[in-house]
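Read the single chain below, which is given as structure tokens and is the form predicted alone.
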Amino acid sequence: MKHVAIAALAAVLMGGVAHADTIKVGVVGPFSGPFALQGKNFKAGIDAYMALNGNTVGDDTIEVIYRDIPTADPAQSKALSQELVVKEGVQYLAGFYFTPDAMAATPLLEQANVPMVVMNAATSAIVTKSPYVVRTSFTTWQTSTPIAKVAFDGGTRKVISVVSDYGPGVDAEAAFKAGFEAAGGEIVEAIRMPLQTNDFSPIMQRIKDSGAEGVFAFLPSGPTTLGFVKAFNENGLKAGGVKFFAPGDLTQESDLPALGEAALGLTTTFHYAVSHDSAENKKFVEAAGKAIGNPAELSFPAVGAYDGMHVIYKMIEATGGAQDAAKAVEAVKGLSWESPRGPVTIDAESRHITQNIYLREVAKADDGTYYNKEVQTFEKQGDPGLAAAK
């Protein structure tokens, strides 16, 4: 079966698709299971982009084909990506919520002559695995580095680090440690939790026992982040004066109604807030809110997908619809545009996105809803993790 799959991939490459009236984009993500809301945000961002920009590029019609991976499953990701390329004839792969899923699919790209546009997965090293990977999301190094400066400048000197034990978590831990220790702070303990952890009470006790003035945390957004922040409050850490520092995954907008008053004042750094004040974001939020059905469910994976479609449309335009991964990727190196998150650029060397990172604080609006309020901007942030990934 392995030889058959390789032969089929080779046939796709050698025969090629010189031009297609319909260009297919294969999107891999969690559309069921515990992380289904993140997949729903992928689809909302894609639908919003196509609603605002049409479903054609030149003479070609764009068709999006979805494949579901409920939780991180590298073997399944590779199999589904291969199926999308061989059986469905997709010219572009996109999506990929979890890093292991994106990593597993990268070996297919050059052989199949297909670019990958990463709409979420946040480990720095992904873009180094193939010259055909472009990222429109963020990395945990990119979003975690600024919060280290925020913590130290705010007077915190001793922090305990708590992260999920997989690529982005390890990256987040390293990013915060590098920034905090460079400023003069001390990491008193570093805890790595299994990805499946959902009982956080023992972790909260370790935080209390550590004597740390603050906690830095990273977990993949979804049920785990909601559970962690709830446990932080319910175990008395917030009331006890322990400072909370994290990238924005920990206070994604779709979790704020469930967190309620307990979330007030929590500070995070991130590349996007639904509340971002710009004309481009207002247009995006209206379109994506309609696409997702319940605007309260709108969160950051939607903007990664929206911008991912912008990049794919530019690739199709540059290649005239022909299947040419090298030309497609080359065309978007250095590409700049005004995203709903602010000004962004695809770095010509790394193919990673350069963007503003915002310090946000959970606030309460006049209508009683909770939102991430942007209070400071770290402009034109690249990915500090790329040096560590080499």
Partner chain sequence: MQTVFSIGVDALAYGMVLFVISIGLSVTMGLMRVVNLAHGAFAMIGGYIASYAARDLGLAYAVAVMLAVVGTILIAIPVERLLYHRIYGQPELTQVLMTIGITFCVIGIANYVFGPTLKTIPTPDSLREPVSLGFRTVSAHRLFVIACGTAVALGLWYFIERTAFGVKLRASVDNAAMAAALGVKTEVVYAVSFAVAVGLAAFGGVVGAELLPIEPYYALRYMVTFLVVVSVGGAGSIPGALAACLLLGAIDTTGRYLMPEFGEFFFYLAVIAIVWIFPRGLAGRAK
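Residue numbers count along the first chain shown, from 1. Not measured: the values here are computed from a predicted model. In this text, rigid core is short for the largest set of C-alphas that superpose within 1.5 Å between two forms.
This next part talks about the form predicted in complex with the partner chain, which is not shown.
- Only one segment in the set 169 to 177, 112 to 120, 269 to 277, 195 to 203 has any non-hydrogen atom within 4.5 angstroms of the partner chain in the model of the complex, and it is 195 to 203.
- In the model of the complex, at least one heavy atom of Gly222 sits within 4.5 Å of the partner chain.
- Under a 4.5 angstroms non-hydrogen atom cutoff, the partner chain in the model of the complex lacks Asp153 among its neighbouring residues.
- Although the partner is absent from this view, Leu226 contacts the partner chain in the model of the complex, with a non-hydrogen atom inside 4.5 angstroms.
- Although the partner is absent from this view, Gly334 stays clear of the partner chain in the model of the complex, with no non-hydrogen atom inside 4.5 angstroms.
- Three-residue candidate spot Pro34, Leu37 and Ala258; every residue lies within 4.5 angstroms of the partner chain in the model of the complex by at least one non-hydrogen atom.
- Only one of Lys149, Lys78, Lys230, Lys129 comes within 4.5 Å of the partner chain in the model of the complex through a heavy atom, and that residue is Lys230.
- A heavy atom within 4.5 Å of the partner chain in the model of the complex is found for exactly one of Asp165, Glu317, Glu88, Glu186: Asp165.
- Although the partner chain is not shown here, in the model of the complex the stretch 357 to 373 places no heavy atom of any residue within 4.5 Å of it.
- After superposition on the rigid core, displacement of the C-alpha of Lys208 between the shown form and the other one amounts to 2 Å or more.
- Core-aligned CA deviation for Ala302 between the shown form and the other one: less than 2 Å.
- After superposition on the rigid core, displacement of the C-alpha of Pro220 between the shown form and the other one amounts to 2 Å or more.
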